[in-house]
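Only one chain is given next, in structure tokens, and it is the form predicted alone.
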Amino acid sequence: MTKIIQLFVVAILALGCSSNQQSKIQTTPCSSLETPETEAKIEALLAQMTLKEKAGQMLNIGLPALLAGNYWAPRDSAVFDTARFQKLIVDFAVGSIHNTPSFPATKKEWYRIIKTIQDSAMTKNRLKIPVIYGIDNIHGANYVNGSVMFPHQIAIAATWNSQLANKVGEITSYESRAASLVWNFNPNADVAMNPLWGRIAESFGEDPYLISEMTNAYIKGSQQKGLQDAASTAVCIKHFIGYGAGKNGKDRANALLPENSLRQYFLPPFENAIRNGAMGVMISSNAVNGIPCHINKYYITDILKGEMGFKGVIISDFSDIDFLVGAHLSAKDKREATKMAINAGLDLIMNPLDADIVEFIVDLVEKGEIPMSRIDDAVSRILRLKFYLNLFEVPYTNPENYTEFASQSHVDANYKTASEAITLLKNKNNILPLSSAPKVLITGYSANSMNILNGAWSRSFLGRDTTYNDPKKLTILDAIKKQMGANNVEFVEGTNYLEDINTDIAVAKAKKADYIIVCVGEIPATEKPSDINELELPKAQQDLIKKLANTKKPIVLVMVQGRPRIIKDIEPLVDAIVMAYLPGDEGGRAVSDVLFGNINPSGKLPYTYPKYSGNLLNYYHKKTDIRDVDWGYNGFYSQFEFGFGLSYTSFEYSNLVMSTESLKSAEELQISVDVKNTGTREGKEIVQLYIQDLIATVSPDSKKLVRFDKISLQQGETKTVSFTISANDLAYIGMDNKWITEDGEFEIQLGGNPKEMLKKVFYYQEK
């Protein structure tokens, strides 16, 4: 009989084992702040608090609720409403605030807002407990005017460079703290299973290991000097759990997750993030198997607080207590919804508009419907985070002390990240890089828009407001004009997102050009506004390319989009394809530099790029998902595979060596390979290591990523890349929903191109 090793806890932790890059990143763990002195302070405060004060700590209110005018009113200044301010900050002593004043405040304005709040909370409240301010600084400190706006997470994942993810976290924290913003509702650790889901742009893609590595690096960058440091922010990983697996691909949709899938794919990124110091977790707005995540005690209390030992704060998403009533139909009213969520384990309720949940909590406890122990647990966690952030001593920070805010070094890091993310998907006859001499026609929806480059969460929620765009930043058109000279560039808009504007003019201009650069894209959007009903690139944008192809001029397609859009009909018509993702405010410059060879592209896809809307499969599918190719069936039709990306140079893999062909449970397997740059210029290569379990009781995945490393090679240079794996890397969730490793054969697949991997088989046995 096959021997089985039970690895329930050990293996799930090992899924986050560091890659060669990741191991270089150091941080100060949150556990170092968990001292008897801190816990004694928490207990002392808790003992002094009234029930209403405890309930107040459990409220996260929206900043506009404190300001004059309607909550949703547009503003250009933050004026506090005296009566509301008194009620919420003093009378109810709210524990936390989120959101913006309806405009992107400068760091000095943020300082004024938060100083006003904290000074009142810490002088007028009986126990002088500071407020903790949370914000969605998704790609840089995007709600602080003038800050650096990085590429979105999907682009960072495409760099396959954890050092860059670390740097993004570090700079985002620094520029957030310059505005006294101490708690960032980021990073997103969701596993994106369906590209119809618009928030795939805010994720690290489809692979749990890549997500874990990038999430961990971002967290360490955010907190590497310790939460108490004035340059660090606490992270709040999201969304727990299954948010990216909606059955219909829409935002907040119900997900169907069997227990083995939950534990195999969705929990590991959160488990690893908590191990690496995350002190905040945001609950997913959706339901899993029909149970809203906000009232799923098994997920929140048993798994997150129990199995994972999470000691931080668990917060709801925006208005999700209301949504339990109006959207999920799981509670008859808000009072009942509050009861269900808190008893499930929720600590902090994001209730943006008012303080009614404070009164609900008091009433529910007094009537015995919520135990006081549950309230004390929640408030202890909230106080713990405030102590860890040193808010009792330093409730806000002087913006004048942050001299590196939006500095050239931060801009350079932004540009480098955007550059390394850009993924070359096609390069027929090496048409790229282009010469700077020819005449070029630039056309397309995304060619001349900073908003499309930046996407959502860019000074405004949807990122469509042009008011706050930085005039010094370059669109793709601007950057190419600067590269080539304006006289060599013609621009015709061609289309908007859905409609033809002046395609005929574009075709006429194209006849006089040497090259055509077509820039397609998506409307900036997130959450429900990012829902789409079909994955195909809009017809107007495809038709533009079809008409331009009739000119027989070479076409370079640049895609500025947060998710893959179906291009099977136009892919054969273009000579080169460049995926820019949502590259941020240095994206125009980065795209131009890739097109003209100043940058050698090195990104690789962090998701499977589908060829058909009706064939959406992740790379780690089961063989039964694609039938048996020996019978003439093939159900996996990708346009481009996960991990695919071209370069302007070429790489050769050789000399794959394993330290043993028979691995035992207590041993490690060393794997090495030689990588040579056989092309004509320096380049970066992403070396990917996959494992395929050839036979398993539970049908094995096609393969799984277990290690990667990004290396730089000069022309003609060879480097040996080494990895170490163990039995934990071979584990999967078995029939009893626990991690196991079975005796048997495993195949190593190692390389930089998914279709050209070096392969070797080894045997694993327990003893």
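The first residue of the sequence shown is number 1, and the count goes up from there. Source: prediction; values computed, not measured.
Another form exists, predicted in complex with beta-D-glucopyranose; not displayed. Remarks below refer to it.
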Using a 4.5 Å heavy atom cut-off, are His239, Arg252 and Glu527 all in contact with beta-D-glucopyranose in the predicted bound form?
-> yes
Find the only residue in His294, His152, Lys604, Arg199 having a heavy atom within 4.5 Å of beta-D-glucopyranose in the predicted bound form.
-> Arg199
Out of Trp457, Phe360, Phe387, Tyr133, which one falls within 4.5 Å of beta-D-glucopyranose in the predicted bound form, going by heavy atoms?
-> Trp457
Specify the contacting stretch among 317-325, 684-692, 338-346, 226-234, defined as having any heavy atom within 4.5 Å of beta-D-glucopyranose in the predicted bound form.
-> 317-325
Does the 4.5 Å heavy atom contact test between Tyr396 and beta-D-glucopyranose in the predicted bound form come out positive?
-> no
Would Met350 show up as a contact with beta-D-glucopyranose in the predicted bound form if we use heavy atoms at 4.5 Å?
-> yes
Given that the partner is absent here, does Met282 sit within 4.5 Å of beta-D-glucopyranose in the predicted bound form, heavy atoms only?
-> yes
Considering only heavy atoms, tell me if Phe642 and beta-D-glucopyranose come within 4.5 Å of each other in the predicted bound form.
-> no
